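Listed next as structure tokens is one chain, alone, in the form predicted alone.
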């Protein structure tokens, strides 16, 4: 074998080995968190008490503590990132995040794109108004009023389902805090959001002369942890983790930490 042939053979061998290495790396990334690799968890840290930003700039809250406990119980390594709502949902589809947790309601339309764990929290949409709006008892009574809700969430869906698709009085917000602030300043008449979140903002902003209205016709909803459609291995690990922390009392401790104050 002459030197040229030998050199060509060695180059071909290196290319083959490099290709195998890339495939192994891709497989490891695709099963990230299950095989010990760190997995990216997307969240929207504008949704207290489920997620918000700590004074040091890290996501914190019920969902953050929950996913970390679930991961620890299954030997998974997670990194929680404040991506924002839209980036989290898009990231699940394009693979930039492997897990989404941000008070995500399990809905049939979302199941077309994502797989969800078993429910981990039950919530309900409520109406926040100023006390002088005493005639409001249900979502239908908000017709003709200006209503704030976080875009892409069940609060916004409920308003359109009740008052009509494209209801002109609906104002979408990137973060629910903006809607609460506009209610305070009289720029809108009501806010529709999850009950626990509304209560947290009342405490956080020390709101006065407001009241929470619970529409008896509104159905409860359940939150789930989301993964990309078809990621069965990661989904199974997450479900197993939820079962584990509920059985050993960790879930109750996390719940008490954020909701028993």
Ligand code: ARG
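Numbering follows the first chain given and starts at 1. Quick caveat, the model's predicted, so the values are computed rather than measured.
Form predicted in complex with the named molecule: not shown, discussed below.
The chain is drawn here without the named molecule; in the predicted bound form, the stretch among 217-225, 54-62, 203-211, 232-240 whose residues come within 4.5 Å of it by any heavy atom is 217-225. Although the partner is absent here, residue 100 lies well away from the named molecule in the predicted bound form, with no heavy atom inside 4.5 Å. Mapping the unseen interface onto this chain, residue 117 falls outside it, with no heavy atom inside 4.5 Å of the named molecule in the predicted bound form. Among heavy atoms of residue 130, none comes within 4.5 Å of the named molecule in the predicted bound form. The named molecule in the predicted bound form is approached by residue 110, whose closest heavy atom lies within 4.5 angstroms of it. Note on the partner interface in the predicted bound form: the residue among 74, 184, 105, 162 having a heavy atom within 4.5 angstroms of the named molecule is 105. Looking at 44-62, the residues that come within 4.5 Å of the named molecule in the predicted bound form, counting any heavy atom, are 44, 46, 47, 51.
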